[in-house]
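Consider the single chain below, provided in structure tokens and representing the form predicted alone.
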């Protein structure tokens, strides 16, 4: 009886160890959860056949490659842009990749990776618009995307504006003559004018400086940041980022809600 009890105890202990190991494998470092705001084509958007679930775009392709480089699986959490920093801080996501511009204010709340893309703000207007530079917006109806760099730029100029949560909503305002100009990132502007006839891009390098996109992680998460940086630096060196950007600039990134 004692022998049987001892054997049973060993079996139970072994079973418990298997369960514990399985639990560790499923909740350990084999997955990286990226937060994004999938309203920013060609960087992130929703589509029927995404490369990660229903999500696709330049950032999503980069996120997938980062995970693969580290023998991990990438998953996506889609949320409002303004919620990304909070989600990082409370552990809801591991990293944020959303065409996020590196700024001093944001760097106080998160740690940024090596930048992977350089962009600038531009103005989208109707083809017959008389807006030729940023100061021409002074008496115009301006629309921006809430939380994006364009909103900060317009604030710095001191002009009143209306903010929308989606780029598609902002562009619809312009198409329907409910505003005169949309201020937004250059790559996304190219996508929107390609999808909507009668629009053009106006640049003003004196008003809008170049900005760098990077991936954000929780303050102090150096282990994950080092992994992300190693992957980004490799992709920059071998031309992968440029290839991805060119691929999505040429492809049809129409959103499918």
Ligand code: GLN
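Keep in mind that what you see is a predicted model, and the values were worked out from it rather than measured. Positions refer to the first chain, counted from 1.
Note that the form predicted together with glutamine isn't included here; everything after this is about it.
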Review point. Of these, 144, 95, 74, 100, which has a heavy atom no more than 4.5 Å from glutamine in the predicted complex?
Key: 100
Check your understanding: Pick from 133, 106, 126, 166: which has a non-hydrogen atom within 4.5 Å of glutamine in the predicted complex?
Key -> 106
Revision key, fill the gap. Here the chain appears without its partner; judged in the predicted complex, the stretch of 218-226, 36-44, 189-197, 66-74 with heavy atoms within 4.5 Å of glutamine is 36-44
Practice item. Answer yes if any heavy atom of residue 85 is within 4.5 Å of a heavy atom of glutamine in the predicted complex; otherwise answer no. Key: no
Practice item. Spell out, yes or no, whether the shortest heavy atom distance between residue 81 and glutamine in the predicted complex is within 4.5 Å. Key: yes
Review point. Can you name the residues of 132-149 that have a non-hydrogen atom within 4.5 angstroms of glutamine in the predicted complex?
Key: 147, 148, 149
